[in-house]
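What follows is one chain in structure tokens, specifically the form predicted alone.
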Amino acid sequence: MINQIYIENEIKDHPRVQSILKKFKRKNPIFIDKYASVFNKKNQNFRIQKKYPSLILSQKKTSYVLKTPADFGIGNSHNFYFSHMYNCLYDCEYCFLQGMYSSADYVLFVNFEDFEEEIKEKISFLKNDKVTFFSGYDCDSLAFEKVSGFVKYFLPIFKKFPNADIELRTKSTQVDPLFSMEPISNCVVAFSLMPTEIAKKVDHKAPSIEKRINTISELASMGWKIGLRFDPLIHGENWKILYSNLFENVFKKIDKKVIHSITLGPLRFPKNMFKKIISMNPKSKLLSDTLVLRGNKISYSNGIEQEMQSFCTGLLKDYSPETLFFSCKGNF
């Protein structure tokens, strides 16, 4: 439920803004000069705002497309990410966004055309190489689709450039736009997954693992390329049994031929970011148990991290070739 809608004066007549407002007819928008005047206010309470978030419609002015870290990728030589939105509809305990932003409000940048122009520039410059563009870093790529129209706008663009892949990272089952179009060979629909028993405790407001797997199965049957994202790996009681069951359930329902890539990543936070997150979630068992300081990062001990990575990789080899495995350790 959206509490309030804010609109930057400069874009109040933008067609995309007008289209979005039609979906919230009972809301009287408040007009502002810059989104930061609302989003970056001091003394905001992230936890309260998470219950009653507002929507801020804005336009991004710079840095539409950014490079990912050197060790972040799923097989291509060049990797970029872009964020059409800040913040997520879900409320996962381990989400770094609660430590990055002071506000839980949603910022939606409506000037898709400017993102498009810079994406095309990157593709043109790297026309002889394969390149991946990651969406869903600062938000969920699909969860807000009914409002944003992000997927409907960008997938037809990428269809024209076979040397450029786009990854849609999501936990959402709101995939109607994908059901209504032919699969695009250079689009990877990547779902974040963890054992059901763990997700019930930490993936607040997100669709259940069962629903996610069923959605993956439907998309796979249509021919969409699927990314399986087992990151972060979450440690806990009986974790080996839980991950064994998860992998069995996933691969039992998905045609292996459509799996594009599989990633595994550790649970890690920059030290200062973690302090902010734990202050807002002091009762979180996930954040208070087992995690230790390693350099300037908060994570599991090296022993636990290595054991989980090794065990899960070993299990996955029974279902998929190791050439599809990638480790996600990059920090943006």
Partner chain sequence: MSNGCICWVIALPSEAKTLIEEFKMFPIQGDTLFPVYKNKNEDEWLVITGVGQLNAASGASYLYSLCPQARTSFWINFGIAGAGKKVGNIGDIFFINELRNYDHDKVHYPFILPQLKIKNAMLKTYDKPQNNYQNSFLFDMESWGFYNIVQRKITRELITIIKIISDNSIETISSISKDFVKKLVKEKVEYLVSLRDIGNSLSRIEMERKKEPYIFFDLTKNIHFTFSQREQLKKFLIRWDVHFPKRPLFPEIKDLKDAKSILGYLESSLDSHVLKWE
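Since the structure is predicted, the reported quantities are computational estimates derived from the model, not experimental observations. Residue numbers count along the first chain shown, from 1.
There is another form of this protein, the form predicted in complex with its partner chain, and it is not shown here; the text below is about that form.
- Judged against its partner chain in the predicted bound form with a 4.5 angstroms heavy atom cut-off, the residues 78, 163 and 327 are out of contact without exception.
- Among heavy atoms of residue 41, some come within 4.5 Å of its partner chain in the predicted bound form.
- Proximity of residue 197 to its partner chain in the predicted bound form: non-hydrogen atoms within 4.5 Å are present.
- When its partner chain is considered in the predicted bound form, residue 169 lies well away from it, no heavy atom lying within 4.5 Å.
- Proximity of residue 48 to its partner chain in the predicted bound form falls within the 4.5 Å heavy atom cutoff.
- Stretch 201 to 209 is the contacting one of 140 to 148, 79 to 87, 201 to 209, 126 to 134, since its residues have non-hydrogen atoms within 4.5 Å of its partner chain in the predicted bound form.
- Only one of 264, 286, 298, 65 comes within 4.5 Å of its partner chain in the predicted bound form through a heavy atom, and that residue is 286.
- Among 119, 228, 178, 234, the residue placing a heavy atom within 4.5 Å of its partner chain in the predicted bound form is 234.
- For the partner-free chain shown, 30, 31, 32, 33 of 12 to 36 come within 4.5 angstroms of its partner chain in the predicted bound form, judged by any non-hydrogen atom.
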